[in-house]
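Only one chain is given next, in structure tokens, and it is the form predicted on its own.
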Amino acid sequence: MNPLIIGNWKCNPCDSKKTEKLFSEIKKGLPKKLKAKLVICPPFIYLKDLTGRGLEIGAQDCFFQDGPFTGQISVSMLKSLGCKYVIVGHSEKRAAGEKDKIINLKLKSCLEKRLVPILCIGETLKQRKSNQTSKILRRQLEKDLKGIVKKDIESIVIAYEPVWAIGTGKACDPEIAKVVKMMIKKYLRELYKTDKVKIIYGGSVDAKNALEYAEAGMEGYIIGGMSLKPKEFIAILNNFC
């Protein structure tokens, strides 16, 4: 199974010209024999400009229905643009107040429209230091996956993103990530009797540690800051040729 690599551009770049330059440089520098699925997730306003140009495009978030919801972008809209992936439940959204009930509705909407949701889960530094990682992640999974049946669970990608490692430069030790992956897999076996859900890692991934995470069994990455630096991003991808 080839790794899944998500480039999450977050609220960048600041204009269309810089977006075009970034996209072109990444596309130009791609390894010819890349053995990974690459997905770029730009801000909503650039989706239409970047779809259909040779790279898979995903969205950074979604809303779970159409209608009178000012400022929202529905899954139907994303599908009409050619998006195939959607990040759901990112820690920055959770920190802004997004609840598991809403995340659950977003997951179900993505599955209904046959888009692949990238479900982000993770604990804070305080929670890790107090040995609550297992409890927090299990609770997030229980609530986020409520009502999702076995035939759909294998269409979801789960991204372990320890909150304390995102954008801090303090990457999670690969062995810790490996233990967490095994914990998530165990829970999914208990609930769904499957080992086929892809588990990826996010949090200060760079060219030096990417291979270490792969060797620890992670099945891909969600990459923020380094996906905005073409040379560094390509260096990460070069680990998968």
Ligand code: PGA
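We number the residues from 1 along the sequence you see. Quantities reported herein were computed from a predicted structural model and do not represent experimental measurements.
The following text describes the form predicted together with this ligand, which does not appear among the structures shown.
Of the candidates Ile156, Leu145, Ile166, Leu115, Ile166 is the one whose heavy atoms come within 4.5 Å of this ligand in the model of the complex; the others do not. The listed set Gly217, Gly225, Pro13, Pro230 contains one residue whose heavy atoms approach this ligand in the model of the complex to within 4.5 Å, identified as Gly225.
Residues with any non-hydrogen atom within 4.5 angstroms of this ligand in the model of the complex fall in just one of 51 to 59, 27 to 35, 66 to 74, 196 to 204: 196 to 204. This ligand is not shown here, and in the model of the complex it never comes within 4.5 Å of any heavy atom of Lys106. Within this chain, Glu92 lines the site of this ligand in the model of the complex, having a heavy atom no more than 4.5 Å away. Applying a 4.5 Å heavy atom cutoff to this ligand in the model of the complex picks out no residue from 17 to 35.
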